[in-house]
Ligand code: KG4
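Coming up is one lone chain in structure tokens, specifically the form predicted on its own.
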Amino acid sequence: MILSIESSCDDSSIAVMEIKNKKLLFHKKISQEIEHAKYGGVVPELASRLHAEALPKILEETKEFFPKLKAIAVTSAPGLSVTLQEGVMMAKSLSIALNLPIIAVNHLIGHIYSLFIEKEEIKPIMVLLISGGHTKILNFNGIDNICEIATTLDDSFGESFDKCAKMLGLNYPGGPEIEKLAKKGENKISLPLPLKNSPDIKFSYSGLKNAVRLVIEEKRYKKEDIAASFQEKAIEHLVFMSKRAIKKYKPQKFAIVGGASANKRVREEFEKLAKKFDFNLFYPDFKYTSDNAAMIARAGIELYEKNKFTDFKNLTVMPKVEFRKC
């Protein structure tokens, strides 16, 4: 078995997965959303302290699996340095105590493997990763063969939802709040489509976010209509750029992963795209869309089977990582 630890942002999570059949034997996550909501976003130092409290409590529940563990997988990048460090320190402690190797896992690759929890890999597949920190289109052909087609120039898809929610006086996290409010409103406000005239495959949400700010300052529109109009334009931008990538690379399989992949309007619009361009569309189960240790365990197994362990002394955290360009 592999024990995995996830602490890249504000979710403390540990999982245990069987190596041979990819069966998830244990999985628990403690969210910090309530604690951070009063500040309107994640406070890194607070998140770190909460991880220091929560991770040992979860670990206590996994002791029965210790004798059968073959490795410890841990998220080492990307994320908040102070929170990643909590998971890495625990992984190092377990490595010493149980005499086990460590597998450092890229959190973004973990999100890809959220598609394959208790399943075999699907490859090749084009992946749209949308979360609070990232918006990327990746070509996936195995854990050691991933390249980046597109990324955001500024804000991520999820980040723009959080910031617009904050401007509207909604609770954190903003994504679900915007989605819920948008159901009550109408897409009736004219907002710009980012990078509409650019020939490149790139994302940008700062301009759209600023346009929403100006609309809010006008005080002429209902909050629900602002939410609905923003959400539709944000998703239209996702579809617009994804369509370009699909036309260029012609994938037979396409997946959407990351916390924002839980948005039902996103799924509805990409289902239309899948019918138009005749590709198979995949998502993780809803419970695995946000940060979790199950996806880290699944990626960890893939690395374990390829003997890709991380040297104890060289294991460090990295706030940012880059993929090679396609």
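It should be emphasised that the depicted structure is a prediction, and the values quoted were computed from it without experimental measurement. A residue's number is simply how far along the shown sequence it sits, counting from 1.
Unshown form predicted together with this ligand; subsequent notes refer to it.
When you look in the predicted complex, the only residue of E179, D155, E232, D225 with a non-hydrogen atom within 4.5 Å of this ligand is E179. Three-residue candidate spot H111, D162 and S290; every residue lies within 4.5 angstroms of this ligand in the predicted complex by at least one non-hydrogen atom. Put simply, A47 is far from this ligand in the predicted complex: not one heavy atom of it is within 4.5 Å.
Interface membership of S76, defined by any non-hydrogen atom within 4.5 Å of this ligand in the predicted complex, is ruled out.
This ligand is not drawn, but in the predicted complex it has no heavy atom within 4.5 Å of A299. This ligand is not shown here, and in the predicted complex it never comes within 4.5 Å of any heavy atom of L55.
With this ligand left out of view, the stretch that reaches within 4.5 Å of it through heavy atoms in the predicted complex is, among 191-199, 236-244, 205-213, 127-135, 127-135.
Counting a residue when any of its non-hydrogen atoms is within 4.5 Å of this ligand in the predicted complex, the hits in 242-263 run G258, G259, A260, A262, N263.
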